[in-house]
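This document starts with one chain, in the form predicted on its own, laid out as C-alpha coordinates.
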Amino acid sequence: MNTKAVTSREFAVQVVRTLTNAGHIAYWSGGCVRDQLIGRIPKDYDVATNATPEQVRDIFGHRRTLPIGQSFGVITVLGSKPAAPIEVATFRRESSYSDGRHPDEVAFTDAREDAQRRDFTINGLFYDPLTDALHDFIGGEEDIRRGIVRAIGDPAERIAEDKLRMLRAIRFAATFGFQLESHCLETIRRCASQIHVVSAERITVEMQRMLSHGHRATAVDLLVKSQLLAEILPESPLVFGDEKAQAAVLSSIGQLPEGASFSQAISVLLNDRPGRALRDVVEQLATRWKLANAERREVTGLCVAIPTIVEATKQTWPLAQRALTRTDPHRLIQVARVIAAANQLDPSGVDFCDREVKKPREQWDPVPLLDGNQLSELGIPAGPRVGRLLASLRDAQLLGDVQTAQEARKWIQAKVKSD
(Lines give C-alpha, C1' and ligand atoms only; values in the text may rest on other atoms or scores of the structure.)
Protein backbone atom coordinates (compact mmCIF):
# COMPACT_ATOMS: atom_id res chain seq x y z
CA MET A 1 0.00 0.00 0.00
CA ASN A 2 1.16 3.57 -0.71
CA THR A 3 2.33 4.99 2.61
CA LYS A 4 2.52 8.67 1.64
CA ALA A 5 0.63 11.12 3.83
CA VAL A 6 -3.10 10.86 3.02
CA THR A 7 -6.34 12.01 4.57
CA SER A 8 -8.36 9.67 6.76
CA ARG A 9 -10.91 9.25 3.97
CA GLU A 10 -8.24 8.38 1.41
CA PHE A 11 -6.68 5.92 3.82
CA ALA A 12 -10.09 4.30 4.42
CA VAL A 13 -10.47 3.84 0.66
CA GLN A 14 -6.96 2.35 0.48
CA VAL A 15 -7.79 -0.16 3.21
CA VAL A 16 -10.89 -1.34 1.35
CA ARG A 17 -8.98 -1.51 -1.94
CA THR A 18 -6.14 -3.52 -0.37
CA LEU A 19 -8.55 -6.06 1.14
CA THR A 20 -10.52 -6.30 -2.11
CA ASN A 21 -7.36 -6.80 -4.18
CA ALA A 22 -6.44 -9.63 -1.81
CA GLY A 23 -9.68 -11.39 -2.73
CA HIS A 24 -11.89 -10.34 0.20
CA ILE A 25 -15.15 -8.42 0.63
CA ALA A 26 -14.64 -5.10 2.42
CA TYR A 27 -16.96 -2.16 3.14
CA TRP A 28 -17.05 0.98 5.21
CA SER A 29 -19.39 0.36 8.12
CA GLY A 30 -21.33 2.05 10.88
CA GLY A 31 -21.09 5.72 11.74
CA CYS A 32 -19.06 6.86 8.75
CA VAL A 33 -21.73 5.53 6.38
CA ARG A 34 -24.48 7.14 8.44
CA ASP A 35 -22.69 10.50 8.51
CA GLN A 36 -22.20 10.46 4.73
CA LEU A 37 -25.93 9.86 4.15
CA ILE A 38 -26.86 12.60 6.63
CA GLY A 39 -24.51 14.98 4.85
CA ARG A 40 -21.80 15.21 7.50
CA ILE A 41 -18.08 14.66 7.14
CA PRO A 42 -17.22 11.49 9.10
CA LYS A 43 -14.82 11.99 12.00
CA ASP A 44 -13.41 8.50 11.56
CA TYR A 45 -13.86 5.42 9.43
CA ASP A 46 -14.44 1.76 10.23
CA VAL A 47 -14.12 -1.15 7.80
CA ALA A 48 -15.93 -4.49 7.91
CA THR A 49 -14.67 -7.49 5.96
CA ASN A 50 -14.93 -11.24 5.53
CA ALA A 51 -11.16 -11.51 6.05
CA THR A 52 -10.28 -13.05 9.41
CA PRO A 53 -8.17 -11.08 11.89
CA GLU A 54 -5.15 -13.23 11.04
CA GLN A 55 -5.63 -12.57 7.34
CA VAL A 56 -5.94 -8.82 7.97
CA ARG A 57 -2.62 -8.83 9.83
CA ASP A 58 -0.96 -10.85 7.10
CA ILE A 59 -2.24 -8.48 4.40
CA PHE A 60 -1.19 -5.23 6.10
CA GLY A 61 1.78 -6.60 8.02
CA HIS A 62 2.26 -7.06 11.73
CA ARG A 63 4.23 -3.81 12.06
CA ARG A 64 1.31 -1.82 10.73
CA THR A 65 -1.46 -3.54 12.68
CA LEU A 66 -2.47 -3.77 16.32
CA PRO A 67 -4.33 -6.86 17.62
CA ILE A 68 -5.91 -5.03 20.57
CA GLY A 69 -9.45 -6.21 19.73
CA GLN A 70 -8.52 -9.45 17.99
CA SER A 71 -10.56 -11.61 20.38
CA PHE A 72 -13.67 -9.76 19.10
CA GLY A 73 -12.55 -9.92 15.48
CA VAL A 74 -11.11 -6.40 15.32
CA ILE A 75 -7.67 -5.37 14.07
CA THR A 76 -6.41 -1.77 14.05
CA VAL A 77 -4.60 -0.82 10.84
CA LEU A 78 -2.12 2.04 11.09
CA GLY A 79 -1.64 4.57 8.31
CA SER A 80 0.73 7.44 7.75
CA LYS A 81 -0.10 10.78 9.36
CA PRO A 82 -2.39 12.65 9.28
CA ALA A 83 -4.67 9.68 8.55
CA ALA A 84 -6.19 8.20 11.71
CA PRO A 85 -5.90 4.44 12.44
CA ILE A 86 -8.78 2.36 11.11
CA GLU A 87 -10.47 -0.52 12.89
CA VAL A 88 -11.01 -3.44 10.55
CA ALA A 89 -13.65 -5.84 11.90
CA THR A 90 -14.46 -9.27 10.57
CA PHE A 91 -18.18 -9.79 9.86
CA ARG A 92 -19.48 -11.54 12.95
CA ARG A 93 -22.44 -12.62 15.03
CA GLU A 94 -22.42 -12.45 18.80
CA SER A 95 -23.78 -14.49 21.69
CA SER A 96 -25.08 -13.26 25.05
CA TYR A 97 -23.54 -10.32 26.93
CA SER A 98 -22.96 -11.39 30.54
CA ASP A 99 -21.24 -8.12 31.48
CA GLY A 100 -23.77 -5.93 29.64
CA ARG A 101 -21.12 -4.70 27.23
CA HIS A 102 -18.95 -7.41 25.63
CA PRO A 103 -20.23 -10.54 23.84
CA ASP A 104 -19.39 -13.81 25.57
CA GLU A 105 -18.54 -15.36 22.20
CA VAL A 106 -18.22 -14.25 18.58
CA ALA A 107 -18.42 -16.26 15.37
CA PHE A 108 -17.47 -14.99 11.92
CA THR A 109 -20.23 -14.67 9.35
CA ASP A 110 -21.33 -12.46 6.44
CA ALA A 111 -22.39 -8.80 6.08
CA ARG A 112 -26.13 -9.48 6.28
CA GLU A 113 -25.88 -11.29 9.61
CA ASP A 114 -23.30 -8.81 10.89
CA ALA A 115 -25.78 -5.98 10.38
CA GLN A 116 -28.31 -7.71 12.66
CA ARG A 117 -26.04 -7.52 15.71
CA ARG A 118 -25.59 -3.74 15.55
CA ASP A 119 -27.48 -1.24 17.70
CA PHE A 120 -29.61 1.08 15.54
CA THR A 121 -30.66 0.90 11.91
CA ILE A 122 -28.88 4.16 11.10
CA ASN A 123 -25.62 2.53 12.26
CA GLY A 124 -26.10 -0.82 10.50
CA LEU A 125 -25.26 0.24 6.94
CA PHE A 126 -22.32 -0.77 4.72
CA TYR A 127 -20.83 1.20 1.84
CA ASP A 128 -18.36 0.18 -0.84
CA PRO A 129 -16.28 3.28 -1.70
CA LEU A 130 -14.82 1.52 -4.74
CA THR A 131 -18.19 0.98 -6.46
CA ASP A 132 -20.29 3.61 -4.66
CA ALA A 133 -22.70 0.84 -3.59
CA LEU A 134 -24.76 1.03 -0.38
CA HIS A 135 -25.61 -2.28 1.31
CA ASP A 136 -28.65 -1.93 3.57
CA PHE A 137 -30.01 -5.08 5.20
CA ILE A 138 -31.99 -3.43 8.03
CA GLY A 139 -33.82 -0.41 6.56
CA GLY A 140 -31.31 2.12 7.82
CA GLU A 141 -31.36 4.29 4.69
CA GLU A 142 -35.12 4.80 4.98
CA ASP A 143 -34.85 5.62 8.68
CA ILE A 144 -32.19 8.23 7.92
CA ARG A 145 -34.43 9.70 5.23
CA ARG A 146 -37.36 9.84 7.68
CA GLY A 147 -35.20 11.00 10.58
CA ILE A 148 -35.83 8.11 12.98
CA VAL A 149 -33.60 6.39 15.54
CA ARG A 150 -34.82 2.79 15.67
CA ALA A 151 -33.28 -0.28 17.26
CA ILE A 152 -32.38 -3.19 15.00
CA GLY A 153 -34.84 -5.92 15.92
CA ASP A 154 -36.12 -5.98 19.51
CA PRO A 155 -35.02 -2.86 21.48
CA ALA A 156 -34.97 -4.87 24.72
CA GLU A 157 -32.45 -7.31 23.24
CA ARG A 158 -30.22 -4.52 21.93
CA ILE A 159 -30.28 -2.77 25.32
CA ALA A 160 -29.63 -6.04 27.18
CA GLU A 161 -26.45 -6.42 25.11
CA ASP A 162 -25.12 -3.00 26.11
CA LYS A 163 -26.99 -0.74 28.53
CA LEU A 164 -25.10 2.31 27.27
CA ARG A 165 -27.20 2.08 24.12
CA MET A 166 -29.98 3.82 26.07
CA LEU A 167 -27.90 6.99 26.28
CA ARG A 168 -26.57 6.56 22.75
CA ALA A 169 -30.10 6.42 21.37
CA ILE A 170 -30.91 9.73 23.02
CA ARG A 171 -27.67 11.31 21.84
CA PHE A 172 -28.24 10.25 18.24
CA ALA A 173 -31.83 11.51 18.26
CA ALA A 174 -30.87 14.86 19.78
CA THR A 175 -27.69 15.64 17.89
CA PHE A 176 -29.10 14.57 14.49
CA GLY A 177 -32.49 16.18 15.07
CA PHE A 178 -34.19 12.79 14.65
CA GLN A 179 -37.21 11.27 16.38
CA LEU A 180 -36.60 8.45 18.85
CA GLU A 181 -38.91 5.62 17.78
CA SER A 182 -41.70 5.22 20.36
CA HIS A 183 -41.12 1.50 21.09
CA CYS A 184 -37.43 2.20 21.64
CA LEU A 185 -38.21 5.12 23.98
CA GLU A 186 -40.67 3.05 25.99
CA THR A 187 -38.12 0.24 26.32
CA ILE A 188 -35.51 2.68 27.58
CA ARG A 189 -38.01 3.97 30.13
CA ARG A 190 -38.58 0.44 31.42
CA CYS A 191 -34.87 -0.34 31.55
CA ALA A 192 -33.61 3.04 32.82
CA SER A 193 -32.61 1.73 36.26
CA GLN A 194 -30.20 -0.70 34.59
CA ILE A 195 -27.94 2.13 33.41
CA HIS A 196 -25.96 1.77 36.65
CA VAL A 197 -24.21 -1.34 35.36
CA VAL A 198 -22.40 0.94 32.89
CA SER A 199 -19.11 2.42 34.06
CA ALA A 200 -19.10 6.04 35.19
CA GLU A 201 -16.54 6.91 32.54
CA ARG A 202 -18.75 5.72 29.67
CA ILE A 203 -21.81 7.53 31.06
CA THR A 204 -19.80 10.73 31.43
CA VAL A 205 -18.54 10.59 27.85
CA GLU A 206 -22.10 10.30 26.53
CA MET A 207 -23.31 13.15 28.73
CA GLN A 208 -20.39 15.32 27.62
CA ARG A 209 -21.28 14.73 23.99
CA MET A 210 -24.94 15.52 24.54
CA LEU A 211 -24.58 18.54 26.78
CA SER A 212 -21.82 20.24 24.80
CA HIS A 213 -23.93 20.03 21.62
CA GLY A 214 -26.20 22.82 20.40
CA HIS A 215 -29.24 20.50 20.64
CA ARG A 216 -28.66 19.89 24.36
CA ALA A 217 -32.19 21.02 25.24
CA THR A 218 -33.65 18.22 23.13
CA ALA A 219 -31.29 15.74 24.78
CA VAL A 220 -32.35 16.89 28.25
CA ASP A 221 -36.03 16.61 27.31
CA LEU A 222 -35.46 13.01 26.17
CA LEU A 223 -33.42 12.21 29.28
CA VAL A 224 -36.36 13.35 31.39
CA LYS A 225 -38.98 11.48 29.33
CA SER A 226 -36.92 8.28 29.37
CA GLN A 227 -36.38 8.57 33.15
CA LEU A 228 -32.63 8.26 32.62
CA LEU A 229 -31.99 11.69 34.14
CA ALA A 230 -33.54 10.53 37.41
CA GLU A 231 -31.03 7.69 37.47
CA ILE A 232 -27.84 9.52 36.51
CA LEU A 233 -28.51 13.06 37.78
CA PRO A 234 -30.99 12.83 40.68
CA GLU A 235 -29.57 16.10 42.09
CA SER A 236 -31.23 18.11 39.32
CA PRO A 237 -34.42 20.07 40.06
CA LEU A 238 -35.76 18.45 36.89
CA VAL A 239 -35.98 15.29 39.00
CA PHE A 240 -36.98 16.48 42.47
CA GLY A 241 -38.26 20.03 41.90
CA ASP A 242 -41.78 21.36 41.51
CA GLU A 243 -43.20 22.49 38.16
CA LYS A 244 -41.85 26.04 38.59
CA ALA A 245 -38.32 24.80 39.30
CA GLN A 246 -38.44 22.36 36.41
CA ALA A 247 -39.67 25.07 34.05
CA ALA A 248 -36.81 27.36 35.14
CA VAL A 249 -34.18 24.71 34.44
CA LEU A 250 -35.66 23.77 31.05
CA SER A 251 -35.83 27.45 30.10
CA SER A 252 -32.22 27.99 31.16
CA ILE A 253 -30.84 24.99 29.27
CA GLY A 254 -32.70 26.13 26.17
CA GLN A 255 -31.27 29.65 26.36
CA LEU A 256 -27.62 28.62 26.65
CA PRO A 257 -25.63 29.70 23.59
CA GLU A 258 -24.97 26.98 21.03
CA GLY A 259 -21.27 26.77 21.89
CA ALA A 260 -21.81 26.45 25.66
CA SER A 261 -19.58 23.97 27.46
CA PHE A 262 -20.45 20.74 29.24
CA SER A 263 -19.65 22.43 32.57
CA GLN A 264 -22.03 25.29 31.82
CA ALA A 265 -24.82 22.87 30.96
CA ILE A 266 -24.28 20.87 34.16
CA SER A 267 -24.32 24.03 36.28
CA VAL A 268 -27.66 24.94 34.70
CA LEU A 269 -29.10 21.46 35.26
CA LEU A 270 -28.24 21.77 38.95
CA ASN A 271 -29.65 25.29 39.34
CA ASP A 272 -33.30 26.14 39.57
CA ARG A 273 -32.50 29.45 41.24
CA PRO A 274 -29.48 31.52 42.32
CA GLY A 275 -28.42 30.92 45.89
CA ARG A 276 -29.09 27.21 46.20
CA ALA A 277 -26.22 25.61 48.13
CA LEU A 278 -24.48 23.47 45.55
CA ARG A 279 -20.86 22.93 46.51
CA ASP A 280 -21.52 19.56 48.20
CA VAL A 281 -23.92 18.55 45.41
CA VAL A 282 -21.26 19.23 42.77
CA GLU A 283 -18.67 17.27 44.72
CA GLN A 284 -20.98 14.26 44.91
CA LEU A 285 -21.71 14.44 41.20
CA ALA A 286 -18.07 14.93 40.25
CA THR A 287 -17.04 11.92 42.30
CA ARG A 288 -19.81 9.69 40.93
CA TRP A 289 -19.15 10.66 37.31
CA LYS A 290 -15.38 10.73 37.83
CA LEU A 291 -15.09 14.15 36.28
CA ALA A 292 -11.65 15.46 35.42
CA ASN A 293 -10.29 17.94 37.94
CA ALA A 294 -10.63 20.84 35.48
CA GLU A 295 -14.34 20.09 34.95
CA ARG A 296 -14.90 19.60 38.66
CA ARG A 297 -13.37 23.01 39.36
CA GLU A 298 -15.31 24.72 36.58
CA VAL A 299 -18.70 23.32 37.56
CA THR A 300 -18.06 24.19 41.22
CA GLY A 301 -16.83 27.66 40.32
CA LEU A 302 -19.87 28.37 38.17
CA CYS A 303 -22.43 27.05 40.65
CA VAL A 304 -20.94 28.86 43.64
CA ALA A 305 -20.46 32.18 41.83
CA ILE A 306 -23.82 32.51 40.05
CA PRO A 307 -25.65 34.21 42.99
CA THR A 308 -22.84 36.76 43.37
CA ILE A 309 -23.01 37.74 39.69
CA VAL A 310 -26.80 38.00 39.67
CA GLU A 311 -26.67 40.21 42.78
CA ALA A 312 -23.52 42.12 41.76
CA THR A 313 -25.09 45.60 41.90
CA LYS A 314 -26.34 44.94 45.44
CA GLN A 315 -22.87 43.99 46.71
CA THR A 316 -19.39 45.48 46.64
CA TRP A 317 -17.40 45.18 43.39
CA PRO A 318 -14.56 43.18 45.04
CA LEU A 319 -16.98 40.31 45.78
CA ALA A 320 -18.13 40.12 42.15
CA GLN A 321 -14.58 40.62 40.87
CA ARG A 322 -13.27 37.67 42.86
CA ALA A 323 -16.10 35.47 41.59
CA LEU A 324 -15.24 36.44 38.01
CA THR A 325 -11.56 35.60 38.43
CA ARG A 326 -12.12 32.12 39.93
CA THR A 327 -13.50 30.68 36.68
CA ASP A 328 -13.97 31.66 33.05
CA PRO A 329 -15.75 35.04 33.45
CA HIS A 330 -17.54 34.92 30.10
CA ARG A 331 -18.93 31.42 30.71
CA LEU A 332 -20.00 32.47 34.21
CA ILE A 333 -21.86 35.51 32.88
CA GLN A 334 -23.59 33.41 30.21
CA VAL A 335 -24.87 30.96 32.82
CA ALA A 336 -25.86 33.68 35.30
CA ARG A 337 -27.77 35.49 32.56
CA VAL A 338 -29.90 32.51 31.49
CA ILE A 339 -30.65 31.52 35.09
CA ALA A 340 -31.63 35.10 35.99
CA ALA A 341 -33.85 35.30 32.92
CA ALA A 342 -35.52 31.96 33.64
CA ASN A 343 -36.30 33.14 37.17
CA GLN A 344 -37.42 36.60 35.96
CA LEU A 345 -34.77 38.36 38.07
CA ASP A 346 -33.34 41.84 37.58
CA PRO A 347 -30.49 41.48 35.03
CA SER A 348 -28.65 44.64 36.10
CA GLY A 349 -26.05 42.71 38.14
CA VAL A 350 -25.22 40.43 35.20
CA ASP A 351 -25.14 43.43 32.83
CA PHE A 352 -22.75 45.26 35.12
CA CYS A 353 -20.34 42.33 35.28
CA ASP A 354 -20.60 41.86 31.53
CA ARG A 355 -19.57 45.48 30.93
CA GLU A 356 -16.62 45.14 33.30
CA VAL A 357 -15.12 41.98 31.77
CA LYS A 358 -15.36 43.47 28.29
CA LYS A 359 -12.80 46.03 29.38
CA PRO A 360 -9.08 45.16 29.13
CA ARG A 361 -8.24 42.55 31.79
CA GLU A 362 -5.72 44.82 33.51
CA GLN A 363 -8.52 47.29 34.24
CA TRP A 364 -10.95 44.99 35.99
CA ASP A 365 -8.35 42.52 37.32
CA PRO A 366 -5.24 44.62 37.96
CA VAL A 367 -1.99 43.10 39.20
CA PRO A 368 -1.89 43.18 43.06
CA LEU A 369 0.11 46.12 44.37
CA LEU A 370 1.97 44.19 47.09
CA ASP A 371 2.69 40.59 48.09
CA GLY A 372 3.69 38.75 51.25
CA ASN A 373 7.41 39.38 50.76
CA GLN A 374 6.87 43.12 50.53
CA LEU A 375 4.77 43.06 53.71
CA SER A 376 7.66 41.24 55.36
CA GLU A 377 9.94 44.09 54.32
CA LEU A 378 7.55 46.41 56.13
CA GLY A 379 8.14 44.45 59.33
CA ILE A 380 4.98 42.39 59.29
CA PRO A 381 5.77 38.76 60.25
CA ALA A 382 4.42 35.81 58.26
CA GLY A 383 1.11 34.41 59.47
CA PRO A 384 -2.67 34.62 58.96
CA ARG A 385 -2.54 38.38 59.47
CA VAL A 386 -0.63 38.79 56.21
CA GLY A 387 -3.43 37.15 54.23
CA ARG A 388 -6.07 39.33 55.88
CA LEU A 389 -4.07 42.50 55.20
CA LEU A 390 -3.49 41.59 51.56
CA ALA A 391 -7.20 40.80 51.09
CA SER A 392 -8.18 44.17 52.58
CA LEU A 393 -5.59 45.92 50.42
CA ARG A 394 -6.96 44.16 47.34
CA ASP A 395 -10.46 45.41 48.16
CA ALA A 396 -9.14 48.96 48.47
CA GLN A 397 -7.29 48.63 45.15
CA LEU A 398 -10.36 47.29 43.33
CA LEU A 399 -12.49 50.11 44.75
CA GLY A 400 -9.93 52.63 43.50
CA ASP A 401 -8.93 53.86 46.97
CA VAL A 402 -5.31 52.73 46.46
CA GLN A 403 -3.67 52.92 43.04
CA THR A 404 0.11 52.65 43.37
CA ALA A 405 2.60 50.50 45.30
CA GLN A 406 3.68 53.56 47.29
CA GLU A 407 0.10 54.31 48.27
CA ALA A 408 -0.33 50.63 49.15
CA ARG A 409 2.63 50.69 51.56
CA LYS A 410 1.24 53.75 53.30
CA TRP A 411 -2.20 52.14 53.42
CA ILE A 412 -0.79 48.99 55.01
CA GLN A 413 1.22 50.97 57.58
CA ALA A 414 -1.86 52.96 58.53
CA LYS A 415 -3.95 49.79 58.73
CA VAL A 416 -1.41 48.08 61.02
CA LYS A 417 -1.24 51.15 63.20
CA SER A 418 -5.04 51.43 63.50
CA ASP A 419 -5.35 47.73 64.31
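Residue positions are given as counts along the sequence shown, with the first one as 1. Computed from a predicted model, the values in this text were never measured in an experiment.
Although it is not shown, the form predicted in complex with adenosine-5'-triphosphate is what the next lines describe.
Taking the partner from elsewhere, residue 30 is found to have a heavy atom lying within 4.5 Å of adenosine-5'-triphosphate in the predicted complex. The closest heavy atom approach of residue 162 to adenosine-5'-triphosphate in the predicted complex falls within 4.5 Å. Under a 4.5 angstroms non-hydrogen atom cutoff, adenosine-5'-triphosphate in the predicted complex has residue 209 among its neighbouring residues. When contacts are judged by a 4.5 Å heavy atom cut-off, residue 123 counts as touching adenosine-5'-triphosphate in the predicted complex. Screening 69-77, 269-277, 251-259, 166-174 for residues having heavy atoms within 4.5 Å of adenosine-5'-triphosphate in the predicted complex returns a single hit, 166-174. Think of it this way: in the predicted complex, adenosine-5'-triphosphate has a heavy atom of just one of 119, 311, 181, 298 within 4.5 Å, and the residue is 119. Listed residues 361, 43, 355, 388 were compared with adenosine-5'-triphosphate in the predicted complex; 43 is the one with a heavy atom within 4.5 Å.
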